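Before any questions on binding or motion, here is one chain by itself as structure tokens, the form predicted alone.
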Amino acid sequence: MGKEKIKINDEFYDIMPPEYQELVEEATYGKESRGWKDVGEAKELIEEHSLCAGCPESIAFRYVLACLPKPEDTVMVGSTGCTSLVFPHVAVHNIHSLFGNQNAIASGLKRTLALRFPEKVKDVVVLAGDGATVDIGLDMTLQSWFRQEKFTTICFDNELYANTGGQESGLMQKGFVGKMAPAGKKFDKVPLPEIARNSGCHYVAVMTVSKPNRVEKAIRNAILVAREIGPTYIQLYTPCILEIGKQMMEGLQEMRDSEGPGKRFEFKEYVSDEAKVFLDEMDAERKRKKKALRAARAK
């Protein structure tokens, strides 16, 4: 969905809503350097949303959208949950799957897009919560990794079922007592990042979304590696402030408190040997372009 697809005919321009005019004029489609700093300026990066006030998922969603390398050639696959309330507000192609089968949908979609558009790379990105990813949809998540499907899976880890009242999920921290889990979690978080690594993912990252530069780099790395090599996985802590008893302005601090050394969301990154060679080549190419640009400006 590049700018050429949303361009307004000259004869209709003055009667189009000003919001649409602004989208066409300021969208980041085609901008090679697009990133998290475009949040707040680009209309397609969730100008409004229907999540709770202060919800960390809204921050994460904005960063993910801002860091897609080519949003005009990206299709996102979502699942039932809080994230499904946001997709109708974004200007990126997306599919709403049934609860848990998002990776199966993405597998077929990626293969179909490769046949339909053989001359162009179409990125597929799955975005779902911990219930859809590690509980109900775990089988289809793992099978897509086993088959080496070339797309990125992003899990918004709320550490519970945030959309349906606070039930226990496999990613809930041990001992946590939820509104719908009064007995408290009896076992540790399912180590999905380690499982992803052992299941064939070529790039795996775990973090909160309190550091936008880190999120931007991880999202771009994951999508570019998936495009060329194989499956990738990112796990982002997006706490449900409503279910953990926090005020709407406390979500960011909750994430910061959970990402320090030894904490459950301490930043971790795994890159396969093949992916490391690829990313090093990409980085070297970026440096060559910057050097050439500086040289051209100096003339």
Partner chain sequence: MDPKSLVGTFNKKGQKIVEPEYLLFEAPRTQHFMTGSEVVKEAIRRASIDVSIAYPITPQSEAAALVGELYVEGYVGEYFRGENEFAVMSECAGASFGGARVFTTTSGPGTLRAYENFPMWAGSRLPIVINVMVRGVNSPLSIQPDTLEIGMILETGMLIWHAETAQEFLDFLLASFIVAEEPDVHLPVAVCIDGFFVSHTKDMVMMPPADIALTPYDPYRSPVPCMDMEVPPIRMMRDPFVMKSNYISYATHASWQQEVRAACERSRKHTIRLIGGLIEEENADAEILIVSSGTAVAQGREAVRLLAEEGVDVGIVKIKTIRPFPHQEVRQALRNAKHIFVPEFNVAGWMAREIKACIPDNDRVYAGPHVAGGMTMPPEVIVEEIKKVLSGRKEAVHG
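The shown structure was predicted, so the numbers you read here are calculated from the model rather than taken from an experiment. Rigid core (definition): largest C-alpha set, two forms, superposition within 1.5 Å. Positions refer to the first chain, counted from 1.
Quick note: we don't show the form predicted together with its partner chain, though the next part is all about it.
Student: By the heavy atom within 4.5 Å rule, which residue out of Ser107, Thr208, Ser169, Asn221 makes contact with its partner chain in the model of the complex?
Tutor: Among Ser107, Thr208, Ser169, Asn221, a heavy atom within 4.5 Å of its partner chain in the model of the complex occurs only for Ser107.
Student: Of the residues Ala181, Ile95, Ile229, Val190, which one places a heavy atom within 4.5 Å of its partner chain in the model of the complex?
Tutor: Of the listed residues, the single hit is Ile95.
Student: Just one of 126-134, 154-162, 190-198, 111-119 has residues with a heavy atom within 4.5 Å of its partner chain in the model of the complex, so point it out.
Tutor: Checking each option against the 4.5 Å cut-off leaves 111-119.
Student: Looking in the model of the complex, is its partner chain within 4.5 Å of a heavy atom from each of Asn213, Pro261 and Phe278?
Tutor: No, the whole trio is out of contact, none within 4.5 Å by any heavy atom.
Student: If you check in the model of the complex, is Glu48 within 4.5 Å of its partner chain, heavy atoms only?
Tutor: Heavy-atom contact with its partner chain at 4.5 Å: present for Glu48.
Student: Residue-level contact is defined here as any heavy atom of the residue lying within 4.5 Å of its partner chain in the model of the complex; does Pro88 satisfy this criterion?
Tutor: Residue-level check for Pro88: yes, a contact with its partner chain.
Student: Is Tyr13 a contact residue for its partner chain in the model of the complex, using a 4.5 Å heavy atom cut-off?
Tutor: Although its partner chain is absent here, Tyr13 would stay clear of it in the model of the complex, with no heavy atoms inside 4.5 Å.
Student: Can Trp36 be called a contact residue for its partner chain in the model of the complex at 4.5 Å between heavy atoms?
Tutor: Result no; Trp36 lies far from its partner chain in the model of the complex.
Student: For the stretch 164-186, return the residues whose heavy atoms include at least one within 4.5 Å of its partner chain in the model of the complex, in the order they occur.
Tutor: Heavy-atom contacts within 4.5 Å come from no residue here.
Student: Just checking, between the shown form and the other one and with the core aligned, does Met16 shift 2 Å or more at the CA?
Tutor: Shift at Met16: 2 Å or more after core fit.
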